Structures are given as C-alpha cells and as structure tokens.
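What follows is a single chain, given as structure tokens, in the form predicted on its own.
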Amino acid sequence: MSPSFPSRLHRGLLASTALLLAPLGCATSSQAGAARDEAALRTDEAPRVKPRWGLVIHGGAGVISRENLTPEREAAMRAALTQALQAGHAVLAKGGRSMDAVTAAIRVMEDSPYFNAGKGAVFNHDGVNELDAAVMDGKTRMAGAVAGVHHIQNPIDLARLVMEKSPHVMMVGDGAEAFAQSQGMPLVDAKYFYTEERWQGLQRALEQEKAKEAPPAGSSLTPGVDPITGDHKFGTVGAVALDMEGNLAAGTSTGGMTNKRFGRVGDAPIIGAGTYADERCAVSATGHGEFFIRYTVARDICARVEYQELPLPEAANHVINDVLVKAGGEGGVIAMDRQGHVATPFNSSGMYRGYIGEDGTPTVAIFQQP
C-alpha cells in the first residue's frame, strides 16, 4: 500500500510552500489520517520557548514519475531514506550536535547505490566519477567543501575535515585528496563507485550526444537522466538538522551531472548556493546547479528569514516557486529554522525527501501529489 499524505503543509497564504511528508509504511486514505499527518508537520506554528529538534533530508529532485519507478525500486529508496533519517535521529536523540546528525544521515545516502552521491555517483563524459560535497555549521558559520574528488568514499566527511582541520573553506581535486591523506583518510579505488546502472546511463547519454549536432563548447551541460527510470533527475543528497541546543547545520553531497565535462562543478559544494546554515536557518538544495549558483538560493532563503523576518516556509517557497521559476531553474530545497519549522518546496514533479522529529517516527515522500 502506498503512503497517504496531503499535498500541502501550509494552507492559505502559503498553500504552495512545502509538500507534506508521509510516514513510511503508514497507509491511510482517511481524512482523519491526513489531518493527523498535516498537524504533525505544520510549519506555521508559533515559535516555542524550547526549540524542537529534528532532521530533514533529500535525495534529489526532478521529473520523477510513478510510471517509471517500479514498486521494488521505490520501496528500496524509501528504505534507504528511512535508514538515513534514523542514523541522524540516533545522534540527536543522545544530545548530539546537528553537524554530527547531518553527516551521519548523508553518509548513509552516499553509501547507497540509489542516490547520485558517493557509491551511486554518475559518470562524467570521460567515464570518471567526480564528487562534490559541503557542510556548514550554523552556530559558528564555519564551512568546508570539496569538489572534483575521485577517490573519497564519503566526500561529506572530507568536507567536514576541511572545515575543522584547515584554515580553508574549499579544496578541489588532487589537492583535496592529498589533504585527506594527510588527515589519515584513506583513498578508495575508482572501481568502488562503479555501478552498472550509472555506467549504462552514461552510455545512453553518449549515444544521444552522437546522434545530435555537436553543441558549442560549454553548452552541453544539461540536466542528467536517471539511468534506471529514464526520468530527468537532479541526483544530489542533503540534510539539515536542529539539535537539542538549538543549533542548526546543513550538508550536501553529489556526483554532479551525467556526461558533464570540463571539470564542471555545481551548486552543492558552493556555500550560499547549494548549502548554507546560520543561527536562524539551514538549507540544502537539489536542482539545476547553475541556477542555484546564480541566484545564491540557499543564502537567499535565509536572508529573507533574517532581514525580512519572513516565516521560513514563505521565504523558501518564494525563492523556489517564484524567483527560480521565473529564471527557468528547476529543483528544490529542504530547510529548517531554529524553532524546528520545516520547509521542503520544489518546482519539479518530485523530490526524494524525509523528516524525523523528537518522536523518532520517520516520514518519507517522493512525488508532488499523494
């Protein structure tokens, strides 16, 4: 049975803000069940004196259709998202830091072949996996990022090392891997990242490229296609968390776009574009990275919360469903504020996403409609 959830978190003014996440394994079509789920994840409640704590994750956004996603694969992806939520919750429930929860959740998704990060990363034009990741601590505004690495099993861990063990914010390529080794992080053989599904995805992309007239240099950076479903999908994973102390953190990890060239780097490792956290707001993005970079999406959302004092859902919804849409950008974000309010707006047909709060009940959703 498929989960049931209402299509919107916030009625009225914010009707299109964030889609409600449905408890994994909880199937009900009753109005009472829908109302209960909506109440559990409302984002327009008044701030509480004691902040709630919790974790939100995403596994990529894009044109994700029910017809192309088999029940078996959907179940596997929901299970992987649930495992990631539980890993982060285990940290928070013990009083752990939001940063620890974010990296724990992302590590699970990086280790899964179902997401375009770590083990399941797509191949670039030359048949190589290029990995990017970033983390940011909202309390200190310390940040770390890596881009274009080829032998790091969990890029999110290396991004955190850059933040905590170096005076820098971003490292790239061979230099980032040399730094990893200096910190005792082993490199893995490139074959670790190989999956037949992703390889076949590249072969199809190359065949399509040959069948068309060669585009001008630099203009072939179009969103990839999921090699299993055939859906157009931006495969990035991310997490944002609020801990018991009221501190926020954000992290994002990706393998980029299938058939990408020229060392292309998207928004995921760029602080303020695909990843951002401060004392009020934390955001991780997934989408067509060039637009998220140009419009500094993650920071823009948090700036609206800070300077305009907008509720988080309203700020996130405006940037994703107004600013980005007008610019022609596609994708979505997950976000939390220091009161524990959650926003998950996206302007595509689907986004793999999930939430877990103090009660430890994981909620997972994929499509735009129940």
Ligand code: ASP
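The first residue of the sequence shown is number 1, and the count goes up from there. Predicted model only: the values in this text are computed from it and were never measured.
Just so you know, the form predicted together with the ligand exists too; it's not on screen, but the next bit is about it.
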| query | finding |
| --- | --- |
| 4.5 Å heavy atom contact, Gly266 to the ligand in the predicted bound form | yes |
| is_contact(Gly235, the ligand) in the predicted bound form, heavy atom dist at most 4.5 Å | yes |
| Met257, heavy atom within 4.5 angstroms of the ligand in the predicted bound form | yes |
| His288: touches the ligand in the predicted bound form, heavy atom cutoff 4.5 angstroms | yes |
| Answer range among 249-257, 166-174, 81-89, 196-204 for contact with the ligand, defined in the predicted bound form as heavy atoms within 4.5 Å | 249-257 |
| Partner contacts for 88-126, taking the ligand in the predicted bound form and a 4.5 Å heavy atom cut-off | Asn116 |
